[in-house]
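Next up: a single chain in structure tokens, the form predicted alone.
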Amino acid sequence: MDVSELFQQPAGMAYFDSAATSLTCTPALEKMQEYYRDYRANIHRGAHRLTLKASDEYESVYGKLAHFFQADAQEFTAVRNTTEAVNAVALGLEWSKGDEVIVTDIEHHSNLLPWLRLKKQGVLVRILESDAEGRLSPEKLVSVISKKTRLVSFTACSNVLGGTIPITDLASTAKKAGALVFVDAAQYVGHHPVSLKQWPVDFLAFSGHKSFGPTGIGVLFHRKNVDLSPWFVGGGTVRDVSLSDYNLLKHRERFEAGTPPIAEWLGLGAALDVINQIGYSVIQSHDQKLIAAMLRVFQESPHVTLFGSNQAEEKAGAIFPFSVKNVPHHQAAVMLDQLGFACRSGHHCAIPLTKKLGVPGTVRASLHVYNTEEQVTRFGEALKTLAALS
């Protein structure tokens, strides 16, 4: 399969910023245009043919999610992004003073701040610390978890380091202790398959825009045997209403108040189809080729410091945070931009981890299935040019 036919590459640039947001696949764009052009109407409101068509298309995405993740369609809720999903769980669970939440020190702010905010309700936030290269240990989790631990939340793949996480082992350890499990899969779903039939997790979230889909749409998986209250209420969520009370619908319908981002939801469904079309085996194989090529580049660049693991088998994603000797990270990113590479610079919404690395920020190169080994070779040449200019 020629993957390049599914994506429009930015002109004159090698796009090395997929951890921030992936390129949007052409079928997702076409599906959104189809909705706006052919059956632009609200969903689940009315009986005319356009709203019926839009509603059918909208509902079909839940079926795709159920098949894609091996779960019940009623266990998925449309949200704006992973950030909203984490906040939804933090706000929707009932907390008691003395409850504990465990998060790790490699988390994106979105999987840290909503839990820290619970401290105002008397919830204790405990930290599972990683080692120097960002590895997480289930054995160390055993020493942190307690009978008061209500929930353990961790990333499936760090947006900074890209290392492999022992997802099922961490989740199993938490479940054995009686805790709920939340997995931030924002960096994972676009690269690796997820079986919610096999993963012992209660909540999982990802964002469409990191998995070939549009911005402004994401998914929260919420296992249906776990009580969760809606974080919003309003139109579309109720079975009956009086002027003094209301009765909510069951399952996911109670969580989707108001008109959702219909076009984006359909675009997400098309993006899932593209992942299936390409195949995870192809994506993973290509990732490994890119990872090996990038690691060779860094090994041949003595003026560059790479953070995280430098072992290909320990990388879950082609994510590479680095610094260039004598060049501030933002300046290095600007210089790389001038040389034709789009890389992110800064703390990557993970300030505690950046502090742990002992730097004010890094440059991050992150690749996906549409990148090529030829681009990696040119990136190595760009790093040499950068060193010479510094």
Partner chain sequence: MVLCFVALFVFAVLGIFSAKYRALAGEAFDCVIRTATFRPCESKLDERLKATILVHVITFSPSMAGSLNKHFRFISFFFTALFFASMFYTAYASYNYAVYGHCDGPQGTGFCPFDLVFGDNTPDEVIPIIPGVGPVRGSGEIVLVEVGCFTCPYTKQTQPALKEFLSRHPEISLEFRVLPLPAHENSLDAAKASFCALEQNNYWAYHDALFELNDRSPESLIAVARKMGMDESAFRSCMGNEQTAQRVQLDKDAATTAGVYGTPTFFLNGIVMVGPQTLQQFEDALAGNPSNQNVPPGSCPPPPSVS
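All values derive from a computational prediction rather than experimental measurement. Positions refer to the first chain, counted from 1.
The form predicted in complex with its partner chain exists for this protein as well; it is not shown, and the discussion that follows is about that form.
- None of 38-46, 58-66, 329-337, 351-359 except one has non-hydrogen atoms within 4.5 angstroms of its partner chain in the predicted bound form; the exception is 329-337.
- When its partner chain is considered in the predicted bound form, Q8 lies well away from it, no heavy atom lying within 4.5 Å.
- By the criterion of a heavy atom within 4.5 Å, T385 is counted among the residues contacting its partner chain in the predicted bound form.
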